[in-house]
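For reference, the chain that follows is the form predicted alone, supplied as structure tokens.
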């Protein structure tokens, strides 16, 4: 009887599945595929780092050692708004797939664990690693009644940490905002250098052992954008056009709170650093933005990476960071980017950002077009539906005044990634991108100056469940933006206005999720 009942049940389910498949046929979309249920909540990024749950903000302590990239980050272990700030921790072997580790640094009698950096103490200058080749030292801000700089060390590849008994190593000098130390070894002067944000400027300190620090100089009180206090500095030397004999020093800081339209933004300076002072190459009122969107903040670069400089940023903005509609987590990181410098005639040395090559391993199905004319009111991509994908486009200007892509397109929502050929501007318009009513400062259009090269524009676009990152002309202009569309909005459109443009080449890749249950 039991076997007979089982047969009837299986037969009935087969008929039901046939009826369901007839009424709701499998989509013929180019990129139709099943998704892993893990890390699959609405708006959950599929190839950006985000915590399993709770709040995150700034990346911290980025260091590469023994084949592992360490990502520490500002973390609230107890909720998805800011508070109880500790250092969360994850590691990766390829900058793409991440393994979550236990919280690394927790608040203590000196206060919460604010942002900072980490280094490999290769020569045991600190004395923490007797009998060992080297170890990791984290330098962070203890934020209690005042903000002071402290250190901790690890002898087991960052899995456990011991706070230095002599903390703080730099006491507060009477400045309210005194935080986010970035430390590196300066070969020419044979010492550790720290740059720390201090109100509306950066201050520089030096040390021989990471414990005792001496003040050297300061920079910035009357330089660049003075829209608020400075935060999260980073300082490193980069080659120009990949020529190791021709270099400049690159100093990045964030503005907090920033202007109403700009939000909390990140700016940079190009100049010289002699181990003691930084000198700006540009006039003091020159403002150079790292990113023209609102969601690239607190970028920090990995230390100890051979032959290239890679950084990552918090993909959010304090204007609405605690209001974005995600759960049970809130906050994520950008994709990692390799940074270099180029010299632009009549402008000087400028930053270039490109997605790291390791991201190419996520590419799955590919849709290609070559030498196709984009005509108004037509869509060459009408068959593609996707919510996590990459676009690589080379466009030859013609008569169109505007062209670009509409992504995460639904009945009433879309995010427009376009180029204004009249004003020579790359832009992202998220005013109708989906959920926007959680903040009146969210639905905006962002623009970046970008001139054609040989009459052509390149766009490299990454679209995830709740973000777009756009790299124009090989990273000369970058726009990062959060979006919160309906999961059903998966249309993609290539468009032109008031004329035609030619797609010299177009590649669209479906991208795999980086998250698995056993990660």
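Positions refer to the first chain, counted from 1. Quick caveat: nothing in here was measured; it's all calculated off a predicted structure.
There is also a form predicted together with a small molecule; it is not shown, and the following applies to it.
Stretch 176-184 is the answer when you ask which of 277-285, 96-104, 199-207, 176-184 has residues with heavy atoms within 4.5 Å of the small molecule in the predicted bound form. Contact check for residue 74: a heavy atom falls within 4.5 Å of the small molecule in the predicted bound form.
In the predicted bound form, none of the heavy atoms of residue 464 sits within 4.5 Å of a heavy atom of the small molecule. Of the heavy atoms in residue 58, some are within 4.5 Å of the small molecule in the predicted bound form.
Taking non-hydrogen atoms only, residue 114 approaches the small molecule to within 4.5 angstroms in the predicted bound form. For the candidate set 236, 438, 215, 82, a heavy atom within 4.5 Å of the small molecule in the predicted bound form is found for exactly one residue, namely 82. Screening 231, 402, 358, 413 for any heavy atom within 4.5 Å of the small molecule in the predicted bound form leaves a single hit, 231.
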